[in-house]
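The chain that follows stands alone, in the form predicted alone, written as structure tokens.
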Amino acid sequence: MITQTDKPIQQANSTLQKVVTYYEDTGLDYGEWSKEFNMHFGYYRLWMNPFKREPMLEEMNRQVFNHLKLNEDDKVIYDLGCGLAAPCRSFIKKCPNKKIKGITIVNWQVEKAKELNNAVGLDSSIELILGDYTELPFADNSADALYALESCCHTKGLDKAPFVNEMMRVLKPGKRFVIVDGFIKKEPESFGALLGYCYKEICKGWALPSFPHIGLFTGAIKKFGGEKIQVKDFSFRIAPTAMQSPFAVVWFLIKKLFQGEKLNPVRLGHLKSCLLGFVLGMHRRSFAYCLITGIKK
């Protein structure tokens, strides 16, 4: 099912346009990372095979769902920044009696995700919406739960206030949210030369205005009505998949070289960011990959 918001996305907005262009150019490249098009890092549990990426990617989806702590009465869940809806499909497979609504600003992702949903017979349980998660087409207090998996980073500001404000508006009082993303712990201006270079190039290559600042982001959650906020550092949990990233990039480049395919600047910037992301992740005093949960008052 596909829905388009009444309010058209303002493609003239440079920030949004960069995100749209980025995902239009790199979208299918994510198929090299995940056959299910999971566009995020994976979660490693003890006894998992650290060399098998897809089970760890799916485990990250399960971590998000488990932290939502859904009750039988919780029926409608929002995925804010759903990409190609891989987490949506994982969610419905686990909770077939629920309804999930995924929103993305990229029209190509909506169309491709619909194909993927149809292929596994889940189209009726997943509603895909072309829209901006900072101007959600949902009523106040309409979500029984919501999550954003590596997507709020595309919002302006270190506190991601436009995203947080809308997230809290549509969430029902007493209901839970889960945010998973990379977070900086310091102001970017305080980074040293190497870290500063990596940070700027990663933001440029991944079409990010900035990564969210952990303190400012949790402060915004409190400001807009969130409470019982918990932060879990998943940095070491994602390490096995993060360490695979450089090898995946090199293998991808070799394949494209032998295929005679030239990569445009957007795709090359994405690959460069994947390599530099490994360096950023090692600066533990400045960066962490976290899961943040809480409820609306």
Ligand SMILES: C[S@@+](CC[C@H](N)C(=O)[O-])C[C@H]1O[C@@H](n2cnc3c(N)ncnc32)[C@H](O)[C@@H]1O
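Just so it is clear, the model here is predicted, and its values are computed rather than measured. When you see a residue number, it is the position in the sequence shown, counting from 1.
Another form exists, predicted in complex with the named molecule; not displayed. Remarks below refer to it.
Residue heavy atoms within 4.5 Å of the named molecule in the model of the complex occur in exactly one stretch of 116 to 124, 216 to 224, 81 to 89, 187 to 195, and that stretch is 81 to 89.
Of the residues given (F65, Y44, F234, F37), F37 alone sits with a heavy atom within 4.5 Å of the named molecule in the model of the complex.
Checking V106, I202, V178, I77 against the named molecule in the model of the complex, a heavy atom within 4.5 Å turns up for just one residue: V106. No member of the trio F211, C274 and C290 reaches the named molecule in the model of the complex with any non-hydrogen atom inside 4.5 Å. The named molecule in the model of the complex is not approached by F183, whose heavy atoms all lie more than 4.5 angstroms from it.
The named molecule in the model of the complex is not approached by L280, whose heavy atoms all lie more than 4.5 angstroms from it. Taking non-hydrogen atoms only, L149 approaches the named molecule to within 4.5 angstroms in the model of the complex.
At the 4.5 Å threshold, heavy atoms of E166 stay clear of the named molecule in the model of the complex, well away from it. Within 4.5 angstroms of the named molecule in the model of the complex, the stretch 126 to 161 places a non-hydrogen atom from each of G131, D132, Y133, L149, E150, S151, H154, taken in sequence order.
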